[in-house]
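One chain follows as structure tokens, the form predicted on its own.
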């Protein structure tokens, strides 16, 4: 079937072989239509029963929906057909018969709940609007890779099986590794920092991360895709600049290359590339603005983390992507550098969509003694991280970076109600299969 013609390419006057799935059969008596669907769209196959071989008609009209068929025939114009053409079949081959009872309706005429959709993801992805989400996701990843290369980055791949967690032993998935205890990595954080001390200097990675958090919300996953950046000789402000560029590139890629998908999702008229520069609020300004909204029962004070309700209230007020900078040192990880003139204030930042956090980053502590002090202050044993800390004794430059949640980026970009809609096969507390 390598010589098959896609539905979108079938031209009047040609004899073609089209292959795909039986989307629908409409039998009107003397005439009947088989709507065949492939990856490019739908094409109508027309059966004029009195003028065609009886076996051919029975084969074409007797097949169940979602069966895979190959149809060879002449193409002619037909304004009433989905693509303005129809195929008059000379032969119909049933390549793979589908069961008559389907667990969900790929045509979308009958809704299915998210759990049923995820249990039958292969069928679910036959729906145009679901397929569109993952075509857009693919464009997002292509666009951010291109932007990283424009920033002079080298793409790396770091281990996902590790001896210690990025932030210690919490929220780790333990595994047995040849008789030793190991863990699924929470983040490429420590490895990408080691790379900026190498000859690569500026790196990015797009890969899975694992968090054993026992939450069950529409925005959390236990296996997620992290888009990570790290650069030598960058401070936190330059890292934020790079973050803006990457997020904007993702939106621009979708705007430029996914018009059909946005139309399918009814987003064509409202999809906007975010304005630059993103607003930058200090942590202190953020809690003051949240308190002023009156959205919380109790006022936030210095050192509090921002509750979801507070983030939503602030996001609604800001109305666009924005940064929260200058977080208290005590609530940021050990590897985040403090401001030189105020040890209680970190260079850590978060980048927010109006509905949720997308990015966490900052300048890193590159001085060995202070890095080790940071471990001890957070109750971690520096010796367990010797592979990481010892490299800071051999000339580690100042550096900064961030991690961006890939699924959250797609979710917020498209206004999806659940982050699982942006993952083909999600992993959460309940779901380990398929």
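Residue numbers count along the first chain shown, from 1. As the structure is a prediction and not an experimental result, all values here were calculated from the model.
What follows is about the form predicted together with ligand AMO, which we do not show.
Enquirer: Between 117, 211, 248, 127, only one gets a heavy atom within 4.5 angstroms of ligand AMO in the predicted bound form; which residue is that?
Expert: Of 117, 211, 248, 127, the residue with a heavy atom within 4.5 Å of ligand AMO in the predicted bound form is 211.
Enquirer: Heavy atom within 4.5 Å of ligand AMO in the predicted bound form: which of 240, 136, 203, 221 fits that? Just give me the one.
Expert: Checking each option against ligand AMO in the predicted bound form, the one that comes within 4.5 Å is 221.
Enquirer: Does ligand AMO come within 4.5 Å of any heavy atom of residue 271 in the predicted bound form?
Expert: Judged by the heavy-atom cut-off of 4.5 Å, residue 271 is well away from ligand AMO in the predicted bound form.
Enquirer: So, in the predicted bound form, is residue 86 in contact with ligand AMO at a 4.5 angstroms heavy atom limit?
Expert: Residue 86 lies outside the contact set for ligand AMO.
Enquirer: Would residue 357 show up as a contact with ligand AMO in the predicted bound form if we use heavy atoms at 4.5 Å?
Expert: Output for residue 357 is yes: heavy atoms within 4.5 Å of ligand AMO.
Enquirer: Using a 4.5 angstroms cut-off on non-hydrogen atoms, would residue 402 count as touching ligand AMO in the predicted bound form?
Expert: Yes, residue 402 sits close enough to ligand AMO in the predicted bound form that at least one of its heavy atoms falls within 4.5 Å.
Enquirer: Taking 189, 361 and 364 as the candidate spot, are all three within 4.5 angstroms of ligand AMO in the predicted bound form by heavy atoms?
Expert: Yes, each of 189, 361 and 364 comes within 4.5 Å of ligand AMO in the predicted bound form.
Enquirer: Among 240 to 248, 295 to 303, 172 to 180, 211 to 219, which stretch has residues whose heavy atoms lie within 4.5 Å of ligand AMO in the predicted bound form?
Expert: So the stretch in question is 211 to 219.
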